[in-house]
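Starting off, we have a lone chain in the form predicted alone, written out as structure tokens.
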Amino acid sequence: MTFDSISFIYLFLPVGILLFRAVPQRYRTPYLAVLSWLFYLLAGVPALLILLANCLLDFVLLGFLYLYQGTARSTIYSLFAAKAVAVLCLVLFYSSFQPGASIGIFVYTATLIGYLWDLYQGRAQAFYSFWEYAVFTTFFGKAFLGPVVRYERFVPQLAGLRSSATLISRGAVWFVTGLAKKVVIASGIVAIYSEMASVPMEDYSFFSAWMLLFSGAMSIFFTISAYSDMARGLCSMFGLEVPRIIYYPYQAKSFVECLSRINMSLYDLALDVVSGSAESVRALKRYRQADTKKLAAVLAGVLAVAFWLRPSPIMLLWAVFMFAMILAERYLYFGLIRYMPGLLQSAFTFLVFLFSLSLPIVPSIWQLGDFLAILIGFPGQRMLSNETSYFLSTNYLSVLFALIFFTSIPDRLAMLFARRFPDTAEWLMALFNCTLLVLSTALLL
């Protein structure tokens, strides 16, 4: 079961919300834990067993950790975090043989590491309720891509879970928006990317090579954005508030801003653990005043985002390249780019980001040189191929929607219209979301 399946949209979710409203408030946290485990069971038995076993074991281990306050406290915390990462790696390896087994494990591990860090820093309290810990780490609404929630913002909400028509309607808007992004835009863009990636290297033209990179970048953005909206919507329906995962990274004016916007919660967690304060690192202007510790925190954030996108050695190489671009921006051409118009800064950052995707996209590292020669228009290369024309003609609507919605311009225009014409905007939004739901359902069928 996934968020974009008919059984989830029209059966699991409505029944889950109705029962949540019927359950007395003091039992709503246990109910959300059981509902989450039911979701994992329907998604795949291995996913449920892995997450449930981790949840039970870690809760018991945390109980012993609370009692231990010896001099080797930091070592015990580090070993606990290392154990969580080791389990994550084993599950990711196992999932290659059992598809679906890794659902939720990355989010669970990152959430646990964030909690251990907050507990070590004194910003979190001990869990005395297993149900609260279970919802904190395994709530199904953030199962696929997150966000990675922190104790101080998420757990206090569990003490007063409430359900209202306002929260459900707001959540439904977010969920339907995310569903439409996934079904209408992301699926079409992913189809273009998959079809073009299957083309042999010798058949690529200049335009098809750049189209491959563009479709890869748009697949990343719209897939993450879709699950981010759906996660926020699902949490809102059950009385919870979580941050968004991604925020228009391709309109960023610097590389570090671009990468940090791909998964903001995970990036901030990495900054916090390495530097001690994510806010102090984010406040730096293009990291011109960053010391070695803060630069190490930036590197950790880039590596975490890269591993989250795809846990593979080639993604680590991609992360190193992007960090090298961050250093180049800091030490080499900051004085030049700072005087460029904002639009040109964003265009330059996006262009280099597209160029960097050659590393994870090219099937073999040995073909990278040939692919780069095509990208830069090496003499003798074709400009357009029949395959590219065909793929674009069959998925042109997805490409058109991607070009329209991959920046925040539509959101800003909608907000401006809502401020000037609030009543009209409310009716148009309701009609628009109903249309999106009908269209998404038709495409799913």
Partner chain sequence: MAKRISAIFFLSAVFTVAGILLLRLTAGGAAEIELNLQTLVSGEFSGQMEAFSQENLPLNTLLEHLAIDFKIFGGAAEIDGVLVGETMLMKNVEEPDEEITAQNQQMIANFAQNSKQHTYLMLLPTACAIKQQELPESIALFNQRSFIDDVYNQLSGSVSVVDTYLKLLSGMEEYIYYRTQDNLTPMGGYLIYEQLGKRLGISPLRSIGQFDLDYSNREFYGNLYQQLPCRSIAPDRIVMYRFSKYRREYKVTHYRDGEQWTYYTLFPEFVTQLRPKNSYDVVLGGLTPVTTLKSSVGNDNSLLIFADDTALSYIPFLMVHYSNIAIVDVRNATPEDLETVSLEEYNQVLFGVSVDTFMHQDISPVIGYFLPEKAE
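In this text the structure is predicted, and so the values were computed from the model without any measurement. Residue numbers count along the first chain shown, from 1.
One more form of this protein should be noted, the form predicted in complex with the partner chain, which is absent from this view; the next part is about it.
Enquirer: If the criterion is a non-hydrogen atom within 4.5 angstroms, does every one of L52, N54 and L61 touch the partner chain in the predicted bound form?
Expert: No: none of L52, N54 and L61 comes within 4.5 Å of the partner chain in the predicted bound form.
Enquirer: Which residue, L416, I409, L397, L403, is the contact with the partner chain in the predicted bound form, using a 4.5 Å heavy atom cutoff?
Expert: So the residue touching the partner chain in the predicted bound form, by this definition, is L397.
Enquirer: Contact between F421 and the partner chain in the predicted bound form at 4.5 Å, heavy atoms?
Expert: Although the partner chain is absent here, F421 would stay clear of it in the predicted bound form, with no heavy atoms inside 4.5 Å.
Enquirer: Hey, in the predicted bound form, is L79 touching the partner chain, heavy atoms inside 4.5 Å?
Expert: Close contact is absent here: in the predicted bound form, L79 is far from the partner chain, nothing within 4.5 Å, heavy atoms only.
Enquirer: Going by a heavy atom distance of 4.5 Å, is A172 a contact of the partner chain in the predicted bound form?
Expert: Output for A172 is yes: heavy atoms within 4.5 Å of the partner chain.
Enquirer: Just to confirm, A430 within 4.5 Å of the partner chain in the predicted bound form by heavy atoms?
Expert: Contact with the partner chain, yes.
Enquirer: Which residues, if any, of 48-66 lie within 4.5 Å of the partner chain in the predicted bound form when only heavy atoms count?
Expert: Nothing in the stretch sits within 4.5 Å of the partner.
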